[in-house]
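As a starting point, one isolated chain is supplied in structure tokens, in the form predicted on its own.
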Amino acid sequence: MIEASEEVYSSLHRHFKGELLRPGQSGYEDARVIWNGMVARTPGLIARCADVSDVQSAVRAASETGILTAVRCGGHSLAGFSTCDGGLVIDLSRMRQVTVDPEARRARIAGGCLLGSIDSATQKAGLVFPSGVVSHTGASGLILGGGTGWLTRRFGLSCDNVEGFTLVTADSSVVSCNSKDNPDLFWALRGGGGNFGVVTEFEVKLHPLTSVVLAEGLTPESGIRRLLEVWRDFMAAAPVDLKWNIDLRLALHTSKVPIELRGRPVASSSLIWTGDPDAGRPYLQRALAMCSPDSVSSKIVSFLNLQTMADFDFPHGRRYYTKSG
């Protein structure tokens, strides 16, 4: 594998516009680390691509040598698909351009964008792209796997809002696909995951939204079963403007949590309402009726604040393990 990575480096270094990082070089250690600390691997070469031609060169070299290859956008893959041992990592983190067309409510997103990159650009036009809930997540991996978040009920999955892809295929060709051109590939990329190619650009639909109502509350252990039964029946007919998440966990020891609930098993409800605040009030009140009154809060928050609220809870470097969600 070492010989293969050296062969790839030799074929790239003369004309590669980005960075080529090998073990022992300055910047390599930072570049090889991904979000999930459970996955610590040592690639033989990290190719930080500056543009599409760099991606083509890296894919071509990988194909010619047969080297194990991973593609990295934000590095948030729980399973560690963003990296590999001894092989080549095609790193898109330098490709984070976002171009917004406010009138058409469309955007073009480069393959290395983080969710925060997209949110910052689209919110300047009062628009949103439905995505995940942690701003330092890579958009590519999220979209190609489907993509769920706060706006899923209102606007659909992230992949539902993609209208076109540009990608580099295994033979290093640049291919575009949409509902009319290469429709089978377009179908596969919208939620089918990786291994169809390296997506270098997404064309996506945007929707008008700048703020939401955020409501939260805690239900004691004795009421959890009933709460889940209410949630099941209530959400089946609830308006798409309402998103209601429930986490089962131990309550934190903070001033925001009633003393009698601290450290105890609770159901933590987080709800957002994306429509008119007054119209949403009856639904939020009904949903929070089984929560401890002292734990309930409701406020209007900007979309950018909503999208970064979970960042602190999911920092880089922790050892993450998810069995179900």
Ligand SMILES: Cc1cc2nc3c(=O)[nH]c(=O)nc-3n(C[C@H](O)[C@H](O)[C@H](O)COP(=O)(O)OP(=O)(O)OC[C@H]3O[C@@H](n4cnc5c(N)ncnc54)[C@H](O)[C@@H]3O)c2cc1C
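Start at 1 and count along the sequence shown; that's the residue number. Source: prediction; values computed, not measured.
Separately, the form predicted in complex with the named molecule exists; it is not shown, and the next lines address it.
S.K.: So, in the predicted bound form, is residue 122 in contact with the named molecule at a 4.5 angstroms heavy atom limit?
M.R.: So residue 122 does not count as contacting the named molecule.
S.K.: In the predicted bound form, does residue 82 have a heavy atom within 4.5 Å of the named molecule?
M.R.: Contact check for residue 82: yes, within 4.5 Å of the named molecule in the predicted bound form.
S.K.: Would you check, heavy atoms only and a 4.5 Å threshold, whether residue 137 touches the named molecule in the predicted bound form?
M.R.: Contact with the named molecule, yes.
S.K.: Consider residue 130 of the chain shown here, and say whether it contacts the named molecule in the predicted bound form, taking contact as heavy atoms within 4.5 Å.
M.R.: Heavy-atom contact with the named molecule at 4.5 Å: absent for residue 130.
S.K.: Please pick out the stretch from 140 to 148, 231 to 239, 214 to 222, 175 to 183 that is in contact with the named molecule in the predicted bound form, where contact means heavy atoms within 4.5 Å.
M.R.: So the stretch in question is 140 to 148.
S.K.: Within 4.5 Å, heavy atoms only, which of 88, 162, 118, 92 is in contact with the named molecule in the predicted bound form?
M.R.: Of the listed residues, the single hit is 92.
S.K.: What is the one choice in 126, 156, 194, 191 with a heavy atom within 4.5 Å of the named molecule in the predicted bound form?
M.R.: Going through each option in turn, the one that passes is 194.
S.K.: For 94 to 123: residues with a non-hydrogen atom within 4.5 angstroms of the named molecule in the predicted bound form?
M.R.: If the 4.5 Å heavy-atom criterion is applied to the named molecule in the predicted bound form, 94 to 123 yields only 111.
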